[in-house]
Ligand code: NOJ
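Listed next as structure tokens is one chain, alone, in the form predicted on its own.
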Amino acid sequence: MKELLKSLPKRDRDLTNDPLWYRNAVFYEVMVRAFHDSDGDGIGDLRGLIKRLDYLAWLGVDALWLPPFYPSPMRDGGYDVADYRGIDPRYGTMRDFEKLIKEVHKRGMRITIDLVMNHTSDQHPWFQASRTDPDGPYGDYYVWSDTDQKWTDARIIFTDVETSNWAWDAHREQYYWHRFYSHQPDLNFENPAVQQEMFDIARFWLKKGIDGFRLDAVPYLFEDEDNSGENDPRTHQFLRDLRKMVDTEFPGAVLLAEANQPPHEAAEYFGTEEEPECHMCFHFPVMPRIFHSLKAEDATRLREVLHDTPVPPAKGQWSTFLRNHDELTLEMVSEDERHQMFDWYAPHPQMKAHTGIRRRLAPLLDNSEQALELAHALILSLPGTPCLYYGDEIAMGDNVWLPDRDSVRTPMQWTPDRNAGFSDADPGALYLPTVQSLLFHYNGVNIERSLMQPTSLLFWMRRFLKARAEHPAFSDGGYKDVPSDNPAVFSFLRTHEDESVLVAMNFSTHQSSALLTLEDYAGGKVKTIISKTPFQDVGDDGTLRLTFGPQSFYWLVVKHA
């Protein structure tokens, strides 16, 4: 595979000197334990990731996002942190991490990591000290109560495994608060010492040279009866202070909020131009509407949520995604839509998790080449910074028979050889088994095979990532809905300075046509982006008739007459 990559064109894009790099980037989420095992113990590690950086640079992604690699009991994939300043020995050493940063930057890419501020593992020394010494320095690091009847309006997030946000600690003889699993006690952000700890932890990693943080579960930092423990004003004040520190001491570093909230509430995590908070926010509401629109073959719900989406401040940016390491959450859809999507996408109980669906992109879309290309073209052209998930570029499958969200966290499939080229270990020693289903078996779905097929999804992804990078309208352009007389056709304009890109997509599984209204471009010239060939002109009446194949799309540059 190394020889194959050497024979292919190299990356020619470098955002390392751009202060607004995050607006023009494409992120790639890579789980360290899932990517490549360098030492044969069955677990991916930092040295293994370093060995695969040339592949990521060739693909054309601009920034890596690494979920937690801190020491952890691993009861929640590392989000149960036991030491914020360490590297889990299973992944390597701090020297390995420092080398990773250097190698990422050498290739013109950036690197961001998770900062899990809301909670720790119950094995964290802070929690052990808090439960055994209530009057000691860590006694007030967590949220304790004599009763479990406080904040009863706060929703329970993992309703299938937790019945309360409170858990009893027999040693301290009090309840402690947890918004997620009971083995993840929430930190007490009303304690100034906890806030200072988070500032110091952020500084620790930024001094190592990372380019920013994804702020995990950020809406839940403070609790109050008035807001059900979410979106507390004090959370926003803390983020303003954190942003000020980052901008002052580490200019160019970014904060990305994971705020699974309705659009207007999520947008509050940008702050304002005068008092900024996060540089980016994940756009959770738009993601399930993409999947709903694809199955419904109707773009109405997607148009509605984009219409309701606030425009970020000048330096802010939404981050869009199709899938990630968690379940496809359905918290931001109506009850009817949720039942409908469960029927469409999770016909077997094993496919569900919490309030969502634990499947990868390719199985969700029935491994349809047209649907996979359409979904990726959409996420690459919507307003915001796209975030891809490892393996989706080759249509990797999942294993719904594994527990919880491990179904979508299986080893990366590099070759058709043993363990998919991920590890030299005995197959039984792998942290999770490789995918071996008939349709998605690693023998047929792997990087090596994709590199030998110019028509593969992998080459398609690289081509479209390159095309996106060549057109600033996709990253910095405004968004304007383009009316269509066909509800299955989703169309919009992205405009930046003197360039306008028309995106038109057929969500129907049948051939379709649509009449688009482009009044401002009457008589205008049109050409395709990928092939750069002339296209039919916009009519003198400002309309453009397009004909589509099943689940096909157009990326078109439109110029005024």
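These numbers come from a predicted model, not from an experiment. The first residue of the sequence shown is number 1, and the count goes up from there.
The same protein has a further form, the form predicted together with the named molecule, not shown here; the description that follows concerns it.
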Checklist entry - Does the trio F180, E258 and R405 actually contact the named molecule in the model of the complex, every residue with a heavy atom within 4.5 Å? => result yes
Checklist entry - Which residue, H279, H283, H124, R214, has a heavy atom that falls within 4.5 Å of the named molecule in the model of the complex? => result R214
Checklist entry - Pick from R301, R409, R131, R243: which residue has any heavy atom within 4.5 angstroms of the named molecule in the model of the complex? => result R409
Checklist entry - Can any non-hydrogen atom of F158 be found within 4.5 angstroms of the named molecule in the model of the complex? => result yes
Checklist entry - Taking the shortest heavy atom distance, is R360 within 4.5 Å of the named molecule in the model of the complex? => result no
Checklist entry - Does at least one non-hydrogen atom of D76 fall within 4.5 angstroms of the named molecule in the model of the complex? => result yes
Checklist entry - Given that the partner is absent here, does R90 sit within 4.5 Å of the named molecule in the model of the complex, heavy atoms only? => result no
Checklist entry - If we take heavy atoms and a 4.5 Å cut-off, which stretch out of 477 to 485, 368 to 376, 162 to 170, 180 to 188 is in contact with the named molecule in the model of the complex? => result 180 to 188
